[in-house]
Every structure is written in structure tokens, then in C-alpha cells.
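As C-alpha cells, the next two blocks hold two forms of the same chain, structure 1 and structure 2.
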Structure 1
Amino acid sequence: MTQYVVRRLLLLVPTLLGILFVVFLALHLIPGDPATALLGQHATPQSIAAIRERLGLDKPLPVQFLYYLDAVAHLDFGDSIVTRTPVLVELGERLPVTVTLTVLSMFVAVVAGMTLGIAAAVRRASLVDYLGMSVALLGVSMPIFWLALLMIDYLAVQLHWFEPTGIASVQYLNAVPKVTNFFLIDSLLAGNTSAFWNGLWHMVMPSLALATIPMALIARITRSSMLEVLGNDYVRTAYAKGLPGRIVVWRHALKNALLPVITVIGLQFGSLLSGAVITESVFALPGLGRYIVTAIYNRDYPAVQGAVIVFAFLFVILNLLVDLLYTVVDPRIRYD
């Protein structure tokens, strides 16, 4: 197992290098000279030459890539062209919002999706099944930006059940000292439970909206996987020896139906992180996704590249965790 983990970590290296290379190349394909972009139109040729030398732009491309790798290894993504603060600092403030949103959405998607899928499989061809699978089908086809707008207008603006935007109300945002930059964790650390609930309440609608598509896919795969397992002899035996249905479903069938479900859950991180870009924009959450979109509008390329790298690394690490989870769920899988 340790050997496998080490090997997987080593295999990450070429992928991460590839990501950095793509982002590096992308930056060089952008029309215009970075030195001019940094100094503005009225810079003298001397100062442009000076900054080109300082940034290493006068060196050949492979050398520049090495410089670039060195900078990234030191977590130096440069300064934002707009705010003049180091991109790393800005990313540090925004990453926790995206992670919180993604984790909460995944939680909602897994719980709701699996419940729906199991219920549909156990009561096959019943009203629950048809209704559940119709919901799942609609969910897969849902434009989440539209769903998010509808939620804001009905649930927040008209019914006042939720707060329409932001990660917490202003009075709580300022009351909680920043320690980890995770608002929910920081509020607990400060012992401010009302701030915690306020923050969680703000995340309900974004998490639900973002969870829609993964939930629907998880529900569909859980149903089909469960149906396959429920038809097995050992399940019939379990029923025949008088075990209550609840135990057969949860203890016997689900365990074996879980593997394809985990595969699909793992695949959903990509769609969750993609969806986070849209969800954060609609709900005005100060996360990585909204940061990227704003940075593109502002042509703030250091910010774009830093955020893209962090996003991609996050995705790669999440995928690794899912792979490792397989070994825990299915001891039959051995990686040596």
C-alpha cells in the first residue's frame, strides 16, 4: 500500500509538470509583451529592456520555463497587475471558499444521490423509482446558472429563507478573526457559533445548486449498481434466511454496489470544480472561480495563471484521494 502511494505520488510529477508547461505556454501565447503590460504604454525602451532582463524575458524559452518552475516551486506567482498584491496571498484567501463550496456540494450530492438511487432500486418500477429517476434526468440536464438564479429569486428574494449572496452577513464577516481563512472553521475557533450558522446558511443555496448534476449522476449509477447486486443469489439468501430488508440493503447489497458509485463520485470532482466557477459568480462568493473570471476581464494574467494552477493541482489531488479510497472500500483491489 505504501509502495503504491509512493508510486502514485511520483506519477503526479509528470502531470504537474505538464500542467505548469501548459499554463506557461498559454502565458506566452497571449498577444503583447509582459514588460509593456507591466509598465504601461509610456515606458521608455531602457526601462522595458531592464524589466525584460529582470524577468528573464531575454532568455530562450526553455530557460524561461526553468525560471518559471523555480518561481512556482517557491510559490511565487508574481503580483496581481490590478491590486499589486502577491497573487499567492489572494489565492490563499479565495481557495478556502472554493474548497468549502466543493466539499459541501459533494456531501449533498453523495447523501441525496445515493439515497435517491437506493430508494429507486429497492422500489423498482414504483412511483419513487419513476419520480426519482425523472428528477435525476432533469438534474443532469440542468443549467446550474439558471437554477441558481431561480433559487436566489424565489428562495432568497421572495421568501427570505436564505441570504442571496456572499459567504456570511457583514457583521459576522468582520467579527471573526482570520486564522485558516475557512470562515466556517474560523468562526468555530473563535467560539462564535452564530457566525458559524450564518456562514453555513449562506452556503446552502450555492451547495444545492452546485450539487445538482453530481447528485443526479450518483443517483443513476447507485440505482443501476444496486439493481445488479440485488439480483444476486447471496442477497436472495439473505432475504430467505429472514434478515430484515433494511439490513440486507444496507449491510449486504450496498457494500458491493459501492465501487462503481465511488468511480462516478471521483469523476464528479471535475464537474464540481468547473461548476464552482459558475456558482461562485452567481452567488457572489469570493472563491477561486470568481477570481479567475474577474482576472480574465481585467487581463490580470499573473492572477489567471496562479488560479488555474491551484485549481488544476486541487483537481489532481482530489483524483488521487479517490483512487486511494478504492483500496479502503474494496480490499480485493491490491496495488502491488
Structure 2
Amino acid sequence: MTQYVVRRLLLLVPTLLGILFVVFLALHLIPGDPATALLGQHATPQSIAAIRERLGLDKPLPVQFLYYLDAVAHLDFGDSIVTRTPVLVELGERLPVTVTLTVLSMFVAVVAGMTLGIAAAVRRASLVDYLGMSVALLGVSMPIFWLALLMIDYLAVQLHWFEPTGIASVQYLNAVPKVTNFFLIDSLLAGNTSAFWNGLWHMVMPSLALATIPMALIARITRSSMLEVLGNDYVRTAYAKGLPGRIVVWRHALKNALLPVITVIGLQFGSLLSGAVITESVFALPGLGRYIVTAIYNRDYPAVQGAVIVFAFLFVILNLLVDLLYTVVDPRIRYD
């Protein structure tokens, strides 16, 4: 097991190098110039040339890439072209918002998706099955941005149940000291339960909007996997022995149906990180997704490259954790 984990971590290095190269090349192929975006269209050629020299953009692309690799090796992602703030500092401030949104969304998706999938499989070809799969089809078909706008219009504007934007009300943001940059955790550390519930209430609509697609996929995979397991001999034997239905479903069938579900959950967890770009933009959340959109618009190369590295690292680590979780669910699986 240890050797397998070490090998996977070592493979992370060429993976990140490849991602860095692709992103670096793609950014430089985008029409536009960071110096022009920074100074404006009416800037003089002399001022643009001075900015390009100061930012190192006047050097050949291979030289710029090598300089950047050397900086990344020392955990130096450079300074933002726009704000002149170290990218690592900005990522540390914005990543917690994206992680919080992703974790809450995945919690909603897993609970709702597995519940729908199990209920549909146990009551196959019934009204519960048809309604559950209809909800799943609707969830996977509706675009996130459209659902988010509908929720803002109805739940926030018309009913006034939620706040349409932000991670918390202003009075709570100023009252909670930043320790971990996770607002919910910092509010608990400060003993401010009102701020915690306010922040959690602000995340309800973004989490529900982002959770719809993974919820639908998890529901469909859970149903399919459960139907396959429920048809096995050992399940029929458990029923024949007189075991209660809930024991057969939750203890015998579900555990053996979890492997494909775990795979989908791991993949969707990584997809939620990228899906947060749209959700954060609609709900005006100061997360990493919105940060990337702004950085691309401003041709802020260091900011985009730093954010992509973080996304890639999290995605690879999540896949590694999913592989290790297989051995917990099914002890027969061994990584030698």
C-alpha cells in the first residue's frame, strides 16, 4: 500500500508539469496582451514595452516557462499582474470558499442522490422509481447558471428566504477574525454561532444549484448498481432467512454496490471544483472559480497558472483517496 501511494504521488510531478505546459501555452495563444489590458487601449508603445520588460513578457516563451517552473519548484507562483499581490496569498484567501462550496454541494448530492437511487432500486418500476429517475433526469438536464438565476429570483428576491450573494452578511464578516480563512470554521473557533448559521444559510442556494448534476448522476449509478446486487443469490438468501428488508438493503446490498458509486463521487467531486466557476460568478462568491474568470479576462498569467495548479493537485489527490477508499469498502482489493 505504501509503495502504491508513493508511486502515485511521484506520478503527480509529470502530471502537473504537463498541465503547466498546456495552460502556459494556451494562455499565451489567447489574443491580447497583459500589458495592454493593464494599461488600457490608449497606452503608449513605450509604456507597454516597459511593462512587458518588467513582467518578463519580452523574453522568449521557452525562457519564460523555465523561469516559471523554477519559481513553482520553490512554491513561488509569482505576483498577480493586476493586483501586484502574491498569487499564493490570493489563492489562500479564495480557495476556502471554493472548498466549502464543493464539500457542501457534494454532501447534498451524495445524500439526495444515494437516497433516490436506493429507493428507486428497492421499488423498481413503481411510482417512486419513476419519480426518482425523473428528478435525476431533470437535475442532469438543467444548466447550473439557469437554475441559480431561478433560485435567486424566486427564493431570494420574491420570498426573501435567502441572501442572493456573498458568503455571509457584512456585520458577521467583520466580526469573525480570520484564522483558517474558512468562514464557517473561523466562526466556530470564535464562538460566534450566529455568524456560523448566517454563513451556512448563505451557502444553501449555491450548494443546491451546484449539487444538481452530481446528484442526478449518483442517483442513476446507485440505482443501477443496487439493481445488479439485489438480483444476486446472497441477497435472496438473506431475505429467505427472514432478515428485515432494511438490514438486507443497507448492510448486505448497499456495501457491495458502493464501488461504482464511490468512483462517480470521486470524479464528480473534482468536477464540482470546475463547476464552481459558474456558481461563484452567479452568486458573487469570492472563491477560486470567480478568481480564475477575472484572471483570464485580465490576461493575468500567474494567477491563472497558480489556480490551475491548485485545481489539478486537488483533483489528483481526490482520485488517490478514492482508490484507497476502495480497500476500505472491499477488503479483497489490495494494491501491491
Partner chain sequence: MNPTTTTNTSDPTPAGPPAAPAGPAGAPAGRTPAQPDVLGGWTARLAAWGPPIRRLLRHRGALAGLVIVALFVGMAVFAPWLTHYDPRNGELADRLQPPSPAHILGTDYSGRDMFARLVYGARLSLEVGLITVGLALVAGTLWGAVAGYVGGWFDLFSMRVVDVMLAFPSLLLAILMIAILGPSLMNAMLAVGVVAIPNYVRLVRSVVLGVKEAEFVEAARAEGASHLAVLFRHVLPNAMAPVLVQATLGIATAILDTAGLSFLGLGADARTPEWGSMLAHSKEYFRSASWTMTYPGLAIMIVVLGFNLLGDGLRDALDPKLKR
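This structure is a prediction, so every number in the text was calculated from the model and none was measured. Note that the rigid core is defined as the largest set of C-alphas that superpose within 1.5 Å between two forms. Structure 1's sequence is the ruler for residue numbers, which start at 1.
- Task: Give me a 1 or a 2 for the form predicted together with its partner chain.
- Result: Form predicted together with its partner chain: structure 1.
- Query: After the core is overlaid between the two structures, has the C-alpha of S281 moved by 2 angstroms or more?
  - Reply: No, because once the rigid core is superposed, the C-alpha of S281 moves less than 2 Å between the two structures.
- Query: Rigid core fitted, then: does T294 show a CA shift of 2 angstroms or greater between the two structures?
  - Reply: No, its C-alpha moves less than 2 Å.
- Task: On a rigid core superposition, how far has the CA of V23 moved between the two structures, in Å, if you could check?
- Result: So the C-alpha of V23 has moved 3.3 Å between the two structures.
- Message: After superposing on the rigid core, how much does the Cα of I48 shift between the two structures, in Å?
- Response: After core superposition, the C-alpha of I48 moves 9.9 Å between the two structures.
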